[in-house]
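Given as C-alpha cells, the chain that follows is alone and in the form predicted alone.
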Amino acid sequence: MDQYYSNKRIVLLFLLPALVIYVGLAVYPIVQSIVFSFYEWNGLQGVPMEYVGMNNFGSMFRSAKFWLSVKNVLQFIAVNLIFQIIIGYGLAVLLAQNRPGFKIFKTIFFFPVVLPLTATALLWKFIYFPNNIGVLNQLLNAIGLESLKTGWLINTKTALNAVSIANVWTGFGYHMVIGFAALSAIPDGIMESSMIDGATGFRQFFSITLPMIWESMKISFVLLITGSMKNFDIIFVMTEGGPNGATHVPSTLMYYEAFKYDHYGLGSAISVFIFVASLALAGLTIRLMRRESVEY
C-alpha cells in the first residue's frame, strides 16, 4: 500500500508542471473572463473597473449583431460538419483499400492541415478576389459562366459560404486521418466474415464499417463543433467580419467589442457565451450520437 501511494505521488509530481501550465494558460483566462463579464472596463491599466452585474449579458442578448453572429456560426458549423465529415471519411474509406499509389494521396490530402491558417486564409482570399483578378472568377470566365462571377467576399449573399468552403479545405484531411485510423483498426476477419455472409458495398458499410468507426466519428463531430464555435483566424483574415457584419461570428464580434470598441466587459460576456455554448453543443452531440442510436 505504501508503495502504491509512493508511486502515485511520483506520478502527480511529474504531472504537476503540465497541470500548472494548463491552469495558467487555459483555466485562469476562463475564470478571468467570467469575472470581467460582470464589469464595465476599457481594458486599460489604471482605469477602475465598474461592477455592472448582468448588464453586459443583457446588452449582448439585446444586440442584433450578436444574434446575427450566432446565426452565422450555426451556418458555419453546419457547412463544416457536413462537408468535412463526408469528404474526410469518404476519402478515408477509399484510401483504406490500400491500392497502389494511394499513400501519396494521403500526404496530399493532409497537406492543407499543416499549413499555417493565416497563409491558407490569404491563399483563399486571392482565389476569391473580385472582377477578373481572382482565380475563381477567371475560371468561371474561361468556361463560359461569366454570369456567376461576383465579389465572393464582398457580397453579403456569398461571403460566409465562401469562408466556410475555405475552412472545409483546411480541415477535411484531419478527419480523413481519424477515419483512416479507425478503419485500419477493424479486424480483417470481421470484414471477411461479412463478405462470406453476403454483405458487400453499401450493406457492408452501413452494417459493419459505420458502427465500428462510430466512436471516431463522434470525436470528429465534437472537434468540429467546438473548433467552429471558436473559429477566428480564417474569418478575420478573409473578411474581418464584413461585409457589413455579414460574416461576424461570436469570436470576431468578441474581438471587436473588447479590443476595437473598448467594451472589455461586453467582450468577456461574449467569450463566456462561446465557452458555455461550446460545452452545451458538444454535450448534445455526444448524447445524440450514442452508439445505441446506430442501426446495426
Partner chain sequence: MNKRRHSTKWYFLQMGYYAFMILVAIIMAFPIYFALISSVKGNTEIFSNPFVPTVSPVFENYPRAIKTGHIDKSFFNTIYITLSAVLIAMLSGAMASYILAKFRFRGRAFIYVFVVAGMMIPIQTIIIPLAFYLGKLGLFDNHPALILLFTAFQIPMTVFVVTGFMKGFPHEIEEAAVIDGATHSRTLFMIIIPLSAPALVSASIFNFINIWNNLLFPLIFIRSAEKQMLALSLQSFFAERGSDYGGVMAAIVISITPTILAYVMMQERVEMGLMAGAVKG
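Numbering follows the first chain given and starts at 1. What we label the rigid core is the largest C-alpha set whose atoms superpose within 1.5 Å from one form to the other. Everything quoted here is computed from the prediction, not taken from an experiment.
The same protein has a further form, the form predicted in complex with its partner chain, not shown here; the description that follows concerns it.
Residue contact with its partner chain in the predicted complex: Tyr261 places no heavy atom within 4.5 Å of it. The shortest heavy atom separation between Gly151 and its partner chain in the predicted complex exceeds 4.5 Å. Within 4.5 Å of any heavy atom of its partner chain in the predicted complex lies no heavy atom of Thr285. Its partner chain in the predicted complex comes within 4.5 Å of a heavy atom belonging to Arg99. With the partner omitted here, the residue from Ala78, Ala185, Ile219, Leu145 that has a non-hydrogen atom within 4.5 angstroms of its partner chain in the predicted complex is Ile219.
Contact with its partner chain in the predicted complex, defined as any heavy atom within 4.5 Å, is confined among 169-177, 70-78, 203-211, 151-159 to 169-177.
Along 256-280, residues Ala258, Phe259, Tyr264, Gly267, Ser268, Ser271, Ile274, Phe275, Ser278, Leu279 each place a heavy atom within 4.5 Å of its partner chain in the predicted complex. Once both forms are fitted on their core, a CA shift of 2 Å or more is seen for Pro17 between this form and the one not shown. If you fit the rigid core between this form and the one not shown, you'll see the Cα of Ala26 move by 2 angstroms or more.
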